[in-house]
Every structure is written in C-alpha cells, then in structure tokens.
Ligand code: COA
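Here you get one chain, nothing else, as structure tokens; it is the form predicted on its own.
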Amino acid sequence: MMPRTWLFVPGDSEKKLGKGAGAGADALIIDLEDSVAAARRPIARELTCEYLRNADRSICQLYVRINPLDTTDALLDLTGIIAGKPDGLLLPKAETVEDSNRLSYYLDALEVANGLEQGAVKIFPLATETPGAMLTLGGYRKVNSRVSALSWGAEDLSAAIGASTNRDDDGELSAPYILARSLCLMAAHAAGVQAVDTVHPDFRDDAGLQRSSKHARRDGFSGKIAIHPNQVAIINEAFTPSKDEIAHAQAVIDLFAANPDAGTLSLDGKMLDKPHLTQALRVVAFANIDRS
C-alpha cells in the first residue's frame, strides 16, 4: 500500500491517539519528537507502544517519528516502542543516507531481540531538514531496502539557516525551498521509493492545501503529510485519480496494447508516445492500490 496521507499524531496524547485512526489517513505518524516536550517523552513512549500493540492494522499504517539519530532520545525511542511492531520509523534531521543505514543496523538487532520479522520495520527519512542534508541527497540512489519513502521539510530547514520566512511576498515557497522540494522529489524517484510532499502548515487554509496537494501530485509526489485531521480528506482527494483520469489512462493502455509495434499513436486528436503509456500505467496502478 502506498499512502496518500500521512497524519501526525502526538505520542503523548491518549485522546489524539484514540481519534487518529478514524481520521481517514492511510498512515499515522505517531510523534515522539517536535510535538512532545522532553519531559513527556517517557510517557509518550509508553503510550505509543501500547497503542501500537492494540491498534487495528487494517485501518492504516503506523509509523513513529523518533528523535534525531545522534541524540540519546533516539535510542530510548527505539527500545521503548519496538515491541509494538511499528510499520516504520520517520527519521528526522537525516544528514545523509548513512543515517538510514545506521538506523537499519539498529533495527536488525532490535528485531531479533523482539522476535520480529527481519526487515519488517521500514524507514522514512526527512531528507532536507538541515543545510548539510541538502548537499547529500544524491546518496539515496544507493538506499537500503528498508527505506520506503522520502520527504522534505521547509520549516526546520528555514530555521536551520536563519531565514525569516520560507515564503515569498505572494505566499509561495521561495527559491531555497523550491530547490529542497525538487531535489527530494528526484532523490525519491532515483531511489525507487515513495516521494511524499511536506506539510501545509496553515491547517485552516483549505484552499492553499488543495492547491499545494494538486501541485505536488502534478509534479510527481504520491502523498503528503498532514498536521491536522481536517487536512486528510483534501489530501486524499488530491492524490486519488478521478474517474475521468482513470478512463483516459485505460484508453491509452488499451490503444498501445492494440498496437504493440507503434512508437507513436493518436488519441482524441493528441499524439502519444511511450512516456504517456508509462504515466497511464502509473495512474491505473495507483487507482488500484488496496487501501483496506
């Protein structure tokens, strides 16, 4: 399953954890990092592990955002929640692909110690949250098999470089963050993993969220992170092919199937070649993903 919507839920809130699965997201990201105060992390680990043990896994995938790998909290997070068998871990402040490899080595040992299937826990790096990370994205071409997705972050990156804002006068992303978005997109596709767009931080701005979600799908992202349950339906709709899209894609596939030796074909007055077939196959495959 390729999630469209990844919804953050604070790991120290029983109430929000309880409501998370009913929000309609394809994946929950239970947060042990930014949304949890340091003093609350021990209880957050306990609540998260208990939630993972008892959650209905048929509703959505369950990832956990741990703390940055070079902190003591990261190891405490891992040992505190691994027995709950998370589907994956969101890795913040990833500097290079080697951070994912190091986390994978930790997971190798933890899975054995907890009787889990080897390689079962996936890794989802946030790959542009630091200036250094921006310069190493090409390394994800040789990513390890645990990595399932890549995303980027405008908020942490702008804070890291001392920017006053990451938006221009029109409210659109400014040049450094367009670069981060673009490099992450290419790195994900080069690695053969899911490209996930970052959050739309204003959870009351439905129009802006709809616009950024549609642009993300247009550009090649297959999902987006949400910070509020009210964002889920908008993101799901944006990343779900419409009936017209599916019908057109199937027509393209059928046309090429009927003309296997053709390099170019015409449909509805437009010329088609192999890239159009590739895109059509992607649309139909995404529409047919089982999200149950």
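As the structure is a prediction and not an experimental result, all values here were calculated from the model. Residues carry their position along the shown sequence, with the first being 1.
Beyond what is shown, the protein has a form predicted together with this ligand; the following relates to that form.
Chemist: Of the residues 228, 53, 57, 40, which one places a heavy atom within 4.5 Å of this ligand in the predicted bound form?
Modeler: Spelling it out, the residue with a heavy atom inside the cut-off is 228.
Chemist: Would this ligand in the predicted bound form be within 4.5 angstroms of a non-hydrogen atom of every residue among 7, 20 and 31?
Modeler: Yes, each of 7, 20 and 31 comes within 4.5 Å of this ligand in the predicted bound form.
Chemist: Counting any heavy atom within 4.5 Å as contact, can you tell me which stretch out of 263-271, 66-74, 239-247, 31-39 lines this ligand in the predicted bound form?
Modeler: Careful reading of the contacts points to 31-39.
Chemist: Does residue 276 reach this ligand in the predicted bound form if we count a contact as any heavy atom within 4.5 Å?
Modeler: Judged by the heavy-atom cut-off of 4.5 Å, residue 276 is well away from this ligand in the predicted bound form.
Chemist: I'd like to check something about residue 142: if you look in the predicted bound form, is any of its heavy atoms closer than or equal to 4.5 Å to a heavy atom of this ligand?
Modeler: No, residue 142 is distant from the partner.
Chemist: In the predicted bound form, does residue 218 come within 4.5 Å of this ligand, counting heavy atoms only?
Modeler: No, residue 218 sits far enough from this ligand in the predicted bound form that none of its heavy atoms falls within 4.5 Å.
Chemist: Suppose contact means any heavy atom within 4.5 Å; which members of 37-53 contact this ligand in the predicted bound form?
Modeler: Heavy-atom contacts within 4.5 Å come from no residue here.
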